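What follows are structure tokens for two forms of the same protein chain, given separately as structure 1 and structure 2.
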Structure 1
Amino acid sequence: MTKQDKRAKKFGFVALVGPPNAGKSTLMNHMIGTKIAITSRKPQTTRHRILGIKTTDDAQIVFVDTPGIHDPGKRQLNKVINKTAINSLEDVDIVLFMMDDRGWNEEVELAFSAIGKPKAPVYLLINKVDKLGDKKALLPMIDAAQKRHDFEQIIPLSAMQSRDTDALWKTLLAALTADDMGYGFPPDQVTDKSQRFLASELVREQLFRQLGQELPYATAVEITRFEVEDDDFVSMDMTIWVDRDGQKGIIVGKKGAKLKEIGTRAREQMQALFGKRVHVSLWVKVRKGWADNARMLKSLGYTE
């Protein structure tokens, strides 16, 4: 046994929570070094709890990415999504509550109130500091945060800069206690999600990136066929569900150009992630009120 094997290894769960669009999924992807979670400039991109696992010689940290907590209004889907985020805080070792360079505003307050009092210590991350011309702008944000809660630590950072993510990794390691229980996941596993799930998310990411503000929220992606043809080829059919007839035309575009673009970009991302050739066929279908339909939400994987 080498010296390193004898050293007690660290293992723990670290939840990422906060308001929409703060950069939670971006941070998780950078922490684990693989793009598992989809990201976009629009709020409410993430809809599921997604694990991102990073294993080194002396530690395994499981990041728990969650949907941004927001005012759910009356829509069932939004309520379900908020619940997913809040439930993810059970049984984690550390909570990273993330806000961004806009400071402690009403949205942040709403999300922070919603998480209540987690059992695990709560660290505050102030993300996107690269956007602040003058770092002095952080001072009032830190001040407001400290007045609101006695955070374990307040860490300004940029989720996209490795200097900051490396420093955060060290902070997390220092905070986790070592035990000899071993790691919870095989060292080469990076997520709990299937290729099927990741494929449908990559299509949803393109819907977010290529459509106007309102549409992504009215869309859901369902895989109707997923076949691993051989070692290096996967073929799949997917349905993009929309809420209203008019939305279908927007997604399909002139002579199908938009839908083709969405499919092509998603396929390129899948090929990079899976290391395989991919074939994707997309259909757009209308189901009025799907986001309030309990059966539909269940079959799309939003509820148990």
Structure 2
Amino acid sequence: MTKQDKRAKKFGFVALVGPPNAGKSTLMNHMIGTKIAITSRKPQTTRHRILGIKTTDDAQIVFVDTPGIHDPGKRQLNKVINKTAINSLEDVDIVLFMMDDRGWNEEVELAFSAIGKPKAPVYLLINKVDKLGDKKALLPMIDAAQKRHDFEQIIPLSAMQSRDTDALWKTLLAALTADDMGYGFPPDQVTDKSQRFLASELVREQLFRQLGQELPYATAVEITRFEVEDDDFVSMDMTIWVDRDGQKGIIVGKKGAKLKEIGTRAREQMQALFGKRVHVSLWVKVRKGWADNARMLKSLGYTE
């Protein structure tokens, strides 16, 4: 064992939390250098807690990407998503609460109130500062935030343009303590999620990107077959669940063109991520009320 192996290493869990569309998943993907979490411009793209693991010679930080906290209304799916985000704050070492260039609004206030008083120190990240024409606009945002909570630090950045993210990494390293326990995960591991999960998420990402505002919110993806046929090829069948008959036609498109495009784009992303040839077969099925059915939510992986 080398001297470098013997020395104390820094290790910790860092939760990314905040309202929908604040840029949490984009930031996590950048920080670990690999696309793990799906992204889109549509709010509530992230529905699950996802770990992204970055390892260096002397540190390992596990980023906990969480769904955007929002007004759940009456729908059971929304309630489960919120609880997933809030429960993810247990036992983390640092909380990064994210908002964007729109400032401290009602949506941000709702999300911040929902997390209560975490045990870990809370840092505020103001994301998307590249959209601010006048950087002086940051001053009232910072002032409003400071009046709301005594944050450890307030850090403006742009996750999309990688602006000030290196400074964020140094801030996190400085806040974590070193010990002799070493890393919590193997150095080559970048997430806790399986290829099966990541494949279903990449299809869901294409639903967001190809359908835009037409996308029905009550849409889920279920893998019904996932087979690694050899070291270089994986084949899978997936079902896209919707809530109403009319939504099926939106996803399938004219003569199946939209569904084909979704499958093609998702397959390309899977091949890039897995480093294997991929075959994907997609079907769209209707199950009314699935987003309020506790049993189906559990079978689709939505747990609290």
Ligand SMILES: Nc1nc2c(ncn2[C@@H]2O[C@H](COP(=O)(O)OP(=O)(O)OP(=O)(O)O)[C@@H](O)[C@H]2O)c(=O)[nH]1
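Keep in mind that this is a model prediction, so the values were computed, not measured. For the two forms, the rigid core is made up of the largest set of C-alpha atoms that agree within 1.5 Å on superposition. Residues are numbered by position in structure 1's sequence, first residue being 1.
The form predicted in complex with the named molecule is represented by structure 1; structure 2 is the other form. Residue 138 shows a C-alpha shift below 2 Å between structure 1 and structure 2 [criterion: core-superposed Cα displacement of 2 Å]. Residue 234 is not among the residues whose C-alpha shifts by 2 Å or more between structure 1 and structure 2 once the rigid core is aligned; its shift stays under 2 Å. Once both forms are fitted on their rigid core, the CA atom of residue 215 lies 2 Å or more apart between structure 1 and structure 2.
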